[in-house]
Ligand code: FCB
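In structure tokens, one chain follows: the form predicted alone.
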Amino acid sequence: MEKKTLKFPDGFLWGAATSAHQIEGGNTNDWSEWEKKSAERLAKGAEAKWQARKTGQPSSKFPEMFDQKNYISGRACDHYNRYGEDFDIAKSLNLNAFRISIEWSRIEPKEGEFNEKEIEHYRKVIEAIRARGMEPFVTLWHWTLPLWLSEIGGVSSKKFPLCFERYSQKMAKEYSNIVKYWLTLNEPTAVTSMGYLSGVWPPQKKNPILALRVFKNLGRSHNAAYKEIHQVSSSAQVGFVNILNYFDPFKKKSYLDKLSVGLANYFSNKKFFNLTNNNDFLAVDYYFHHRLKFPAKENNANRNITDLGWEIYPEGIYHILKDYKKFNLPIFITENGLADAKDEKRAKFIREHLLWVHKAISEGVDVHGYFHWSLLDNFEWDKGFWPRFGLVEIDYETLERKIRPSALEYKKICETNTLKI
């Protein structure tokens, strides 16, 4: 049977996303210090956390999770030195856009003192993206903090919005001629929840009042950065990255289950957006589906899961995009991917998510681009190196890069701007 061809809009951006701390190596920031203190605890707790009943996978499948070294970012992928090689790979996959982040701790290692050498380094990185025919999307803050800022309270400090405003202004002045698309903050709801409610990530607080302050601080920070970037460049496009979960009721006709969904949707997806004054576009990260039973119990089918035990639910991205249509702004999917070490599910994952993206586009949603997470296997925060998200496999002993078969399938989509189903 002949396959049907779905065409994406002309000028659609096909990309991959990365973050500095997860791939660069050699960083000194609040996360690198936390890793050293936490590695032994995380390694010892791996068996209980990742046993089969939680992930559907035996923890023995990934023995590196029991090694303390797994939880130390160290040299990571050495992207700091090998960015040209990595961008060559991206170009070979026919990507025409690439998302990076700037490591704040490199740029401003001491308060108010900017490192010109590192500013020049990121200039070369951005120019290298452009030289390969890819549009750079630059994230200013992907969670990590300079030590001086962490020591005064980090994102919970009253000074944080002013510090971020100063940093954003500096970056805009330095790179306004080579960067059009700016992403101020990455997933503010995730870092607030994980760092200040569940206490899993640094600074490991469990304080709802502090979490609310962080939320408000980050909202003010985005608004201030938006203003500063536009004062430097009126043509700049500025947004923040919002991780959006798709919630649906366990019982479609249950008013209580619908109430659970409404509350979860408000606090997870809408509340932070309401704190931001301006966005030139909407940036969406999509990974999670939650089927909720009142009061807030998750009842996912989990028939198809990633190595991390996350349910694969492509239809969710369609519902999120349809909901965002009401804002009448361009939308970029800035992250979407899975941990799949054997590369058994990634190609299908990409195709099925893009099928639902195309359906949303066909129904009038203004989607301008898709960035797969991630180009490279990388350091997955408190989980370390064992989850494999890359289109490109990394041998962490030799740092050899190996393009996975799924990447070649993605290449065909990027090359033709079409999806065959």
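For every residue, the number given is its place in the sequence shown, counted from 1. What you see is a predicted model; the values in this text were computed from it and never measured.
Keep in mind the form predicted in complex with the named molecule is missing from the figure; the text below concerns it.
Though the named molecule is absent from this view, in the model of the complex it lies within 4.5 Å of a heavy atom of just one residue from 386, 370, 31, 373, which is 373.
When you look in the model of the complex, the only residue of 340, 335, 257, 103 with a non-hydrogen atom within 4.5 Å of the named molecule is 335. Of the candidate stretches 344-352, 135-143, 85-93, 228-236, only 135-143 has residues with heavy atoms within 4.5 Å of the named molecule in the model of the complex. Though the partner is left out of this view, residue 22 does reach within 4.5 Å of the named molecule in the model of the complex, counting heavy atoms only.
Mapping the unseen interface onto this chain, residue 324 falls outside it, with no heavy atom inside 4.5 Å of the named molecule in the model of the complex.
Taking the partner from the other structure, the named molecule in the model of the complex has a heavy atom within 4.5 Å of a heavy atom of residue 310.
Contact annotation for residue 108: none of its heavy atoms lies within 4.5 Å of the named molecule in the model of the complex. Relative to the named molecule in the model of the complex, residues 14, 98 and 284 are all farther than 4.5 Å at every heavy atom. Taking the named molecule as it sits in the model of the complex, the stretch 361-386 comes within 4.5 angstroms of it through a non-hydrogen atom at 373, 380, 381.
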